[in-house]
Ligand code: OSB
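Taking the form predicted alone, here's one chain by itself in structure tokens.
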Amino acid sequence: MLLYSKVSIPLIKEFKTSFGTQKVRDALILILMEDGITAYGEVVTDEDPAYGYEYNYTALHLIKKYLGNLVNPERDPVSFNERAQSIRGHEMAKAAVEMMLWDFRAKKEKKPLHAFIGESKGKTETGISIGMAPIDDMLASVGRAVDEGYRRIKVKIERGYDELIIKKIREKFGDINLSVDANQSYTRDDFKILEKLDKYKLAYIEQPLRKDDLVGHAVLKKKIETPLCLDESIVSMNSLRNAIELDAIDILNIKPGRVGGISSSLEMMSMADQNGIGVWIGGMLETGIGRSFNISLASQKKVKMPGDTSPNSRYFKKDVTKEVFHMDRGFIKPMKGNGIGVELDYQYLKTVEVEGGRIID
């Protein structure tokens, strides 16, 4: 039986990027119950199509009408991926189902997901992503992150909110491991602005141009010394291959819930590793369900950079999972249990659930 629960969880603090300001996490949780096993998935879409064309309505519709019916009796994620190729796009919806099936298979094999899917380090370096805020608030947030031991600090920027804030951070905190994320907010007309950021010795600039402008990123890469990280531009193995062939990428941010799930994430890791591209695992403000998948992937040996895998408590006063992650000196370990190692707190879930029901029997 496949169920869904749509929840709305208030964030501790609003999260501002060039896409807009987020105050709640409107999450879609998938729940598969079969053979005495309960497996979970999380759709990383939002209520509105601001980040991309997929959003909660389209994802739930697709899962109900198409993707749920593509799950074979063995609940095999590889077979599901093969069947789902008949549907164009909608990688976020596909990822939620595929990742749920990986959780199911790992639990059936009685293995933790991070060990089941590959070579695990047993822990992952943890970075933090800080949304845009007034300068004093931003400096306070960076200060707290430094004190808490995060291994990399990333701040959101956009045109008009860039060099000054980076300058202030460098003046106050010196040579911390600092990067910036533009979320596509610049154009080719802004190359001079981006060239000025070289002096701040950033670990990388993430996704400065539109996601469909790989050529523009290739041109920019030749003009700047700062490593160039791509996120939204990479939606498939083909787009990663094109970015590598164009020499448009130094570092890759893999968001499993955005690129189709675990199988595609592992393939991307291998291609990046073979081509000398740095890899880290990003996130989409997931609950403890999605975060568990991300940390399992971030613990893989081919991932050698800190990712956006902060503990749940950074975003939510209370999460929908019974278990919460804890960071120790900048590292987080995957949960010890089988599969993703977390369970839903159904009592709390009902207090934040706005919709729910059965998808397939």
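What you are looking at is a predicted structure, and each value in this text was computed from that prediction instead of being measured. Residue indices: 1-based, along the sequence shown.
The form predicted together with 2-succinylbenzoate is left out here; the points below concern that form.
- Figure note: of the listed segments 279-287, 263-271, 168-176, 105-113, the one touching 2-succinylbenzoate in the predicted complex, with heavy atoms no more than 4.5 Å away, is 279-287.
- Mapping the unseen interface onto this chain, residue 338 falls outside it, with no heavy atom inside 4.5 Å of 2-succinylbenzoate in the predicted complex.
- Put simply, residue 253 is close to 2-succinylbenzoate in the predicted complex: some heavy atom of it is within 4.5 Å.
- Under a 4.5 angstroms non-hydrogen atom cutoff, 2-succinylbenzoate in the predicted complex lacks residue 94 among its neighbouring residues.
- Proximity of residue 333 to 2-succinylbenzoate in the predicted complex: non-hydrogen atoms within 4.5 Å are absent; the residue sits far from the partner.
- Using a 4.5 angstroms heavy atom cutoff to 2-succinylbenzoate in the predicted complex, all of 22, 154 and 315 count as contacting.
- In terms of contact with 2-succinylbenzoate in the predicted complex, the residue from 310, 56, 321, 300 that brings a heavy atom within 4.5 Å is 310.
- A heavy atom within 4.5 Å of 2-succinylbenzoate in the predicted complex is found for exactly one of 185, 126, 226, 129: 129.
- Residue 51 is the only member of 46-64 with a non-hydrogen atom no more than 4.5 angstroms from 2-succinylbenzoate in the predicted complex.
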